[in-house]
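In structure tokens, the next block holds one chain alone, the form predicted on its own.
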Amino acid sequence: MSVVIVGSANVDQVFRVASIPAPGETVLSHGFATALGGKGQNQAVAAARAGAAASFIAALGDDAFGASVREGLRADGIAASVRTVDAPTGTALIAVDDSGENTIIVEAGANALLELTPDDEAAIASADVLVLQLEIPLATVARAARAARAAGTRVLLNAAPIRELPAELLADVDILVVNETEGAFLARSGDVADLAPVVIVTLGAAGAVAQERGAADVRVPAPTVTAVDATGAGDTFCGALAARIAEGAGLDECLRFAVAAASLSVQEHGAVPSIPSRSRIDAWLAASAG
């Protein structure tokens, strides 16, 4: 039940605002917090809290933010292969409005210098699932996927932030996770289901749908909740999904578990702080079934 995550680690600086400012508009914040984030780190924490033996491969700066990330990984019991590079730790500036919607500006910093080592490739080869996103160099993503494919490790790619992806990378992906906008961008005039053996489209408050080649679609609605902050919800979904895939659960069960985790996360503030534990997810699912 091991999951390796290769990706970004940021420290988020989060402002609470009544509404997201329009271009040229200045708004006053009614709250501020600093928290751990970054798509890779979020997904690593989500996988670990969902019960997986999670390992995280990342790059950090030699600074206070980097020290905070390292301490956070230790606190969640995540095995980290983290190298220090000559750049500041990644940072995100986030505005969250009173309805829970957000806008995010990311400075990649050290994330842009992440490269794999032979030891990293060996860790990927021994894992059940590899999780990737696109806040690190595309060459690093592609190399990790190739290493996984060669070893028979399942590859889950969350194609965000969206960019053009080479066909060679997509050929190494077993499970592609996108939102509707990202799926439309990658598929263009084709069918998003053709992009990978399993394509999962997250639908926000409507839940998610999984399309597996040769099988009927699996659609899981999201429960009605009061959302206060959507930051990190998609990453929570991906990390929880990877944990259940590593356990050998069926696609329907994996999807329900991931939707439940994301639904819990939007009810709390912050990215990493909002990610639920396995016990909370299981209790939520049990209550929903009853």
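So that there is no doubt, residue numbering starts at 1 and follows the sequence shown. None of these values were measured; they are calculated from a predicted model.
A second form of this protein, the form predicted together with a small molecule, is not displayed here; the remarks below concern that form.
Asker: 191-199, 122-130, 100-108, 147-155: which one contacts the small molecule in the predicted complex at 4.5 Å, heavy atom to heavy atom?
Answerer: In the other structure, the partner sits against 100-108.
Asker: Would you say all of N10, A92 and G232 touch the small molecule in the predicted complex, counting a heavy atom within 4.5 Å as a touch?
Answerer: Yes, because N10, A92 and G232 each have a heavy atom that approaches the small molecule to within 4.5 Å in the predicted complex.
Asker: Looking at D172, E135, E182, D76, which has any heavy atom no more than 4.5 Å from the small molecule in the predicted complex?
Answerer: Spelling it out, the residue with a heavy atom inside the cut-off is E135.
Asker: Taking heavy atoms only, is G37 within 4.5 angstroms of the small molecule in the predicted complex?
Answerer: Looking in the predicted complex, residue contacts with the small molecule include G37, since a heavy atom lies within 4.5 Å.
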